[in-house]
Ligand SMILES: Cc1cc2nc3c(=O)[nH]c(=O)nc-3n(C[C@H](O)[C@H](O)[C@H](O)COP(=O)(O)O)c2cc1C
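Given next, in structure tokens, is a single chain: the form predicted on its own.
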């Protein structure tokens, strides 16, 4: 069983209950980074020092260089979500993918802290409205529920009208720089990882 957790203490608990492996999610992740988000770099190193079962790291990861860094910190692999949203195989509307391609690392935001269900999503007019509701009617989940339902997001995926939905998106969106086949994205990540490993090898060996 592979269990996904938003913190090291949860990873430790999952290990004690018999999980075969865990994915630890850092603050940069799209979706739910936990109530007290901790950056992926700290989370990865801390988790690697704490648990013995296989460890995957996620949150803002979208390059081969980051893959190598995660392995260097003790992870056994990484998980990527946002990076693959621009693949041609994903059924989301092209307009939405084009918005992701144009997005930078500051184009996401956190919301739903008032529900203790923190979410990182693409900045949209809909998300700004939800954040305002949280300020004005804190604790009233019934006011928020109609705006955060999965059906709202699904409609945006289908129509491309992303401004009218809360859509999970990680800071790694900055690396989603073109719409292309999934295999092409994987090939690029592999090439980046090999290049990074080559640089490290050169540093290790030192000058000739």
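This is a predicted model, so every value here is computed, not measured. Residue numbers count along the first chain shown, from 1.
There is also a form predicted together with the named molecule; it is not shown, and the following applies to it.
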Among 122, 75, 111, 85, just one has a heavy atom within 4.5 Å of the named molecule in the predicted complex, namely 85
Looking at 59-67, 176-184, 146-154, 41-49, which one sits within 4.5 Å of the named molecule in the predicted complex if you count heavy atoms only?
59-67
Whether 25, 29 and 80 all lie within 4.5 angstroms of the named molecule in the predicted complex by heavy atom:
yes
Would residue 3 count as touching the named molecule in the predicted complex under a 4.5 Å heavy atom rule?
no
Out of 114-140, which residues reach within 4.5 Å of the named molecule in the predicted complex, heavy atoms considered?
none
